[in-house]
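As structure tokens, one chain now follows by itself in the form predicted on its own.
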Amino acid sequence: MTFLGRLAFNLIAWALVLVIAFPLAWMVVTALKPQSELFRRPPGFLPEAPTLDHFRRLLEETPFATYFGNSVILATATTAVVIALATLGAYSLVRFRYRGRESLAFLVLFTYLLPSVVLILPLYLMMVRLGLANTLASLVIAYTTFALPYALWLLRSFMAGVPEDLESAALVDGASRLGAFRDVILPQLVPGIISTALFTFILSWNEYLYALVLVNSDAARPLTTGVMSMLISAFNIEWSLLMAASVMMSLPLIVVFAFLQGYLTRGFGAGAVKG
């Protein structure tokens, strides 16, 4: 590639980065602006008198902390359930030989291809019959239904990349099937498990439609629906508090992604190699 080609490529890449990052930067600076600067014309990008009062009001005058705790519990529980089921399911699909194994794998993939909206009514009726309506448990079950198929297929590719000879050697040395799985397979799957867990956590943290339909109680609402019902009405939008809430909603994902980015990159690279 010539110098002009590299220059053009870098300019286009940085232009795309700026376009994508600008709304995030505007969200942060708006959360720091005092109320008097929010609707100033012409608008200024940087606040003249930065303030944290919007964050204080959000935590002290609204149930934001309750919604935040619900989202943490919901995303963590869903991730734990999905990882446990997907790891065992992927191990079964790759290591065991039984009739209908490939058909089962494609059936699981087919369920992931279905629009999630078609499952809302059956899931809602099922939760009502089970007595789980308006609870975090109902959302954990619902999120598992559409996160598990993708997680299973992702971990299946990682599992296929682990040499079977390692497990066979452990079995020859006297290890049980469970012991070989715990001591040999799981350490090899760590990048894939972290990648899958990060995907599931982000999906559960950001999901809105299921939370809107299945939960109508303030005590069980996650952040996505709680913030909307709390700060947006037919007659008014609390822009300052909404931007502060958006910043605090984004922080956990940014922190998690920053610490696990290396595992995520290695995980996707490992998942593309078999044998």
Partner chain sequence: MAMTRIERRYAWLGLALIGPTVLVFCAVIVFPLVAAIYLSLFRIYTPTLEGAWVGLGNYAELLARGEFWQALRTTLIWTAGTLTLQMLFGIAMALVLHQSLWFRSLARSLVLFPYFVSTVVAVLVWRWLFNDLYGILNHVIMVAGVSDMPLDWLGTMPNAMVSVILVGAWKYFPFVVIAVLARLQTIPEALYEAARIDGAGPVARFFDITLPQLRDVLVVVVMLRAIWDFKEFDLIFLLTGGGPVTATQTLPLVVYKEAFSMNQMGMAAAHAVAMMAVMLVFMIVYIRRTRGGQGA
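Numbering follows the first chain given and starts at 1. Quick caveat: nothing in here was measured; it's all calculated off a predicted structure. Just so we're on the same page, rigid core means the largest C-alpha set that superposes within 1.5 Å between forms.
Form predicted in complex with its partner chain: not shown, discussed below.
In the predicted complex, its partner chain lies within 4.5 Å of some heavy atom of residue 250. Put simply, residue 76 is far from its partner chain in the predicted complex: not one heavy atom of it is within 4.5 Å. Within 4.5 Å of any heavy atom of its partner chain in the predicted complex lies no heavy atom of residue 62. Mapping the unseen interface onto this chain, residue 52 falls outside it, with no heavy atom inside 4.5 Å of its partner chain in the predicted complex. This chain appears without its partner; in the predicted complex, the one residue of 104, 137, 72, 80 with a heavy atom within 4.5 Å of its partner chain is 104.
Shown here without its partner chain, the chain has 199, 202, 206, 208, 209, 212, 213 in 198-215 lying with a heavy atom within 4.5 Å of that partner in the predicted complex. Relative to the superposed rigid core, the position of the CA of residue 11 differs between the shown form and the other one by 2 Å or more.
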